[in-house]
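Both blocks below hold the same protein chain, though in two forms, and each is given as structure tokens: structure 1 and structure 2.
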Structure 1
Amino acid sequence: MIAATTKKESRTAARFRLSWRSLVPFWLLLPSLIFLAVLQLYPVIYSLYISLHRLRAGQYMPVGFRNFERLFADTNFYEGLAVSFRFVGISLVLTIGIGMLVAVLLNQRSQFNALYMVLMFVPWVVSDVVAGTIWRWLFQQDYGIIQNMIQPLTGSTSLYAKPDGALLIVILATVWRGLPFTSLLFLGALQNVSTEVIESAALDGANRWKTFFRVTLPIIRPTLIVAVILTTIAGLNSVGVILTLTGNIPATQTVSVYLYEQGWQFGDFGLGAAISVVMFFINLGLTLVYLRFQRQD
């Protein structure tokens, strides 16, 4: 803390300085707080309000919890949740798993690392709409170059005409975009693990695998959990890639696509707001669960 005053100062001066100083963080935070209050907090409260109303011809009619009742009675909502968890679960495992592998490889400090990292980051700058269309194009039935290569495996039909295939391509595109950032996060964590710890483990006779899982992994667990949280939230809220890649079909209708469909396409703003509220708590709940893992020891 810096706010300590020197004893020599007079009492009044100290009090003045203290009160001014204690307001400093407030002044520093004020601009951010104004932004967040007006353009985040107010809209959220407004959404809560909409979720209890029906909007028709510009008028709000209170309907109590009817929107939530409709939501919880809608089987599409549960199906959307199921698709979301499948989608997020698989892409999470792949992103984290491959991301870790890439980080370990980069941590061998090949002389070409700088080049590898630049090339690897290309997908990171590609927008979700563009990425979705490019991937759709790769798997297009007749003209898709990857579809043509895998034709012997899938038969004559495009992979995305099959429900699991459509979800798989969406997952691949998502992992493709999420991988560089995750790898970099892990690489940072790995580089901060002191070599002494690794070497002492090696001296104890542990092989490289054992050292990694018993020594390195526990040390970088905080970073691992951050990556898991970020990947999960990004996946749960992903809309652009899915819609551009497969359109709105049941096989890839995640709960966020369901929100897009109901709350935006169908113009059912009340139900949309209700879905938003539920989704917020899902996001929050998952984050809290993950954070529990971090605190366990």
Structure 2
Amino acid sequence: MIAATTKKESRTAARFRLSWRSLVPFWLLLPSLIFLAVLQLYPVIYSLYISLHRLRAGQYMPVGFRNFERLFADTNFYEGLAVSFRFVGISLVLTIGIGMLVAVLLNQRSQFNALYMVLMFVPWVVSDVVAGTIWRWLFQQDYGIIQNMIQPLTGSTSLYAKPDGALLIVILATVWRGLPFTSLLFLGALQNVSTEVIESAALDGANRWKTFFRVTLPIIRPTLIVAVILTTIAGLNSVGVILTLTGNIPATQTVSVYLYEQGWQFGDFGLGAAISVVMFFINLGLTLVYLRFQRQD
């Protein structure tokens, strides 16, 4: 009887030690989880809280969903959504397409790859304000290098003066800014593709185009989805480059710029918080769509 009780107690102690050891990674990650919760989860909850209140010029009172009613009744919000989707859609296609092309070229292992990598990462290390200032100078009417080159096409009118031209400049600056990041992601994915798979496809008679689209691209598809998600979120939340390049003009007023205008220029923090909540659900919805597409593939 005593032996059976002792054996049962030893099994209980063994289970306790096993359960405690399984919790060790959690306790080690707990400080980081708390830090991330404070920096990411708390602002989201606080923005949702502010969106249900009137917070403007010292006024602070609960208003329920009135800020959302004002937002959805504002035509400027829908115009900002249209500009945002145009801006994000075009810049996404260009950033992903050119980034993939640059990654394929860098994957050829040329002796100048180190120099190319240094030059390519120059846009990534500069700030949004610096990037916007550089591109604004390039398209200045009097001394802009690119503006002088395209002068025969645009005439005496600056590209800034045309609504589509101003948005085009913002798109070009955004693509230039995000190209190093996508190129690095794709380059890392391409370097992990086994050469044996490529050689097997070549032995089966596939040329380079078929090998890339039918073999390489399906292998690196998870990285492609991640790049699309991050590029989309960055485009929807972009403010610095747009404000530095064109200011707050209707042609380039995206939803994020509209949020900046309402929250920081007009001081209507309740409406600004409501816009941020809507943007959060837009980002979340697009991310879930991308992930759903990846699972289906």
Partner chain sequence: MVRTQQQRRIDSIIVNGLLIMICLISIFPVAYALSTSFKTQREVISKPPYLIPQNWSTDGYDQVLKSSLIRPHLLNTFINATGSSIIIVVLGVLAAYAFSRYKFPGNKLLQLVILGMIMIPTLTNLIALYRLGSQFDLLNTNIYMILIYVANGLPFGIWIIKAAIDAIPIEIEESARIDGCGPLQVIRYIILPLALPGLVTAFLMEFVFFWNEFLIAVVMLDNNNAKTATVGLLNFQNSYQTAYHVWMAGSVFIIAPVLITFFVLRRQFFRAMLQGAVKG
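Note that this is a predicted model, so its numbers are computed, not measured. Residues are numbered by position in structure 1's sequence, first residue being 1. Basically, rigid core = biggest C-alpha set you can superpose within 1.5 Å across the two forms.
* To do: With both forms of the chain shown on their own, indicate which is the form predicted in complex with its partner chain.
  => The chain shown as structure 1 is the form predicted in complex with its partner chain.
* Align on the rigid core first; then say whether the Cα of residue 43 has moved by at least 2 Å between the two structures. => Result for residue 43: yes, a 2 Å-plus shift.
* To do: Please check if residue 31 moves between the two structures, taking a CA shift of 2 Å or more relative to the superposed core as movement.
  => Yes; that C-alpha moves by at least 2 Å between the two structures.
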